[in-house]
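Encoded as C-alpha cells, the following chain is the form predicted on its own, with no partner shown.
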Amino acid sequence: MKDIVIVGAGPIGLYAATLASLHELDGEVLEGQEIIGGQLSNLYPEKDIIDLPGYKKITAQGFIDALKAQQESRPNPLPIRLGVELKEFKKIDGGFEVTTSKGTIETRTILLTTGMGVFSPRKIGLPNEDSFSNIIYALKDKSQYKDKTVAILGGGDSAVDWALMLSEIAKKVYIIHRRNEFRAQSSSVAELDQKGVIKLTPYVVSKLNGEKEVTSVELSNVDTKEVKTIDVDAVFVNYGMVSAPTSFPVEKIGPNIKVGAFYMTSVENVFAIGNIAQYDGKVKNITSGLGEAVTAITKIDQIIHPNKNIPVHY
C-alpha cells in the first residue's frame, strides 16, 4: 500500500511531490493530461509570472521546468503517470482503493491538487466558431504571429498579458472587452497604451468573416449598438475555462472542495490544496498553493509516521 497518491501534476502537485520525497513518503502522482504543468503549460507557457518568491519574472513553462527538475533531483522521486485519470476512490481497511483510467492503487492518503480539473476553454458562442483554424484559445508560441494583426477577446489578467506579449512582435494588436473597465491589474492595463495596444470597449464579437480562417471580425458596441469591422490574421479567445464537475465523495463549496485544518477534506486522510480547495480567506495564487502543500505533506507524514521527529525545514 502506498503512503500517498497525489492527483494532479500542475505546479502545486509537482511541488507536493518534491516535498513527499523529502519526507521519504512512498507514492505516485496521477496526471490526466499527457503533459505536466496544468494550466501553466497548457494555456500560457510563455506568459511571464512576476509574483513568485525569488524571481523578478519567469515564464510559466520555465517555472514548471524548474519544479520538474527539482522533483527529479531527489534520489527517491515519486513517479508521475501521465494520461491517468482518477475515476473514484473508496475507503478500505487501512486506507483507500483508488480507481484510475488505467487500474487501481491502494494508498493510505490522497492529496488532490487538481486545480480546475479537466478543463476546456470558454468559447465565443458563435455558430461557425469551430470551423476556423486561426481562433486560438491558448498562446503557446507567440513567434508565429510576428508582423501579424491579432485580436484578443477578454478583459482579465491573462487576456491583457497576451496582448502585451504579442505587442512585442505583432504588427497590430487589438484587445476587445465587453466592459469599459478591465479586470486585470491596473499597471498592466496602463501598459497596454504604452505598448500601442488598441483597446476596443465596450464591444462584443457579433460575426466572424472568412472561410477556413477568420479574415475579419464584426464587433457590436454593447451600449450604442454601433457595428465596426476589423481585419485580423488571428483571434485569441480568453474568456476563461469551463471545468468538468468532479465526483469526488467529499463535501464541496460550489465546484471546489471544502477543507479544514491541514487542508483535510470531509473524508479523513484525504486532502485538497491549490485552486480546487476552498476555505475562509482562500487566495487562489500559486504561492499560496505552494504553502498549502507544505502544511498538507507535513500532516500526511505525521499520519504515516506518528512517532517520527519531523523537521520544520530541510
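Start at 1 and count along the sequence shown; that's the residue number. Quick caveat: nothing in here was measured; it's all calculated off a predicted structure.
Keep in mind that the form predicted in complex with a small molecule is not shown, yet the notes after this line are about it.
Residue-level contacts in the predicted bound form: of R74, K199, K142, R183, one residue has a heavy atom within 4.5 Å of the small molecule, and it is R183. This chain lacks the partner; the member of R122, K91, K195, R81 within 4.5 angstroms of the small molecule in the predicted bound form by a non-hydrogen atom is R122. Here the chain stands alone, but in the predicted bound form its contact with the small molecule, taken as any heavy atom within 4.5 Å, falls in 47-55 among 28-36, 47-55, 60-68, 251-259. Proximity of N238 to the small molecule in the predicted bound form: non-hydrogen atoms within 4.5 Å are present. In the predicted bound form, at least one heavy atom of G154 sits within 4.5 Å of the small molecule.
Using a 4.5 angstroms limit between non-hydrogen atoms, S167 is distant from the small molecule in the predicted bound form. Interface residue remark: K228 is not counted as part of the site for the small molecule in the predicted bound form, having no heavy atom within 4.5 Å.
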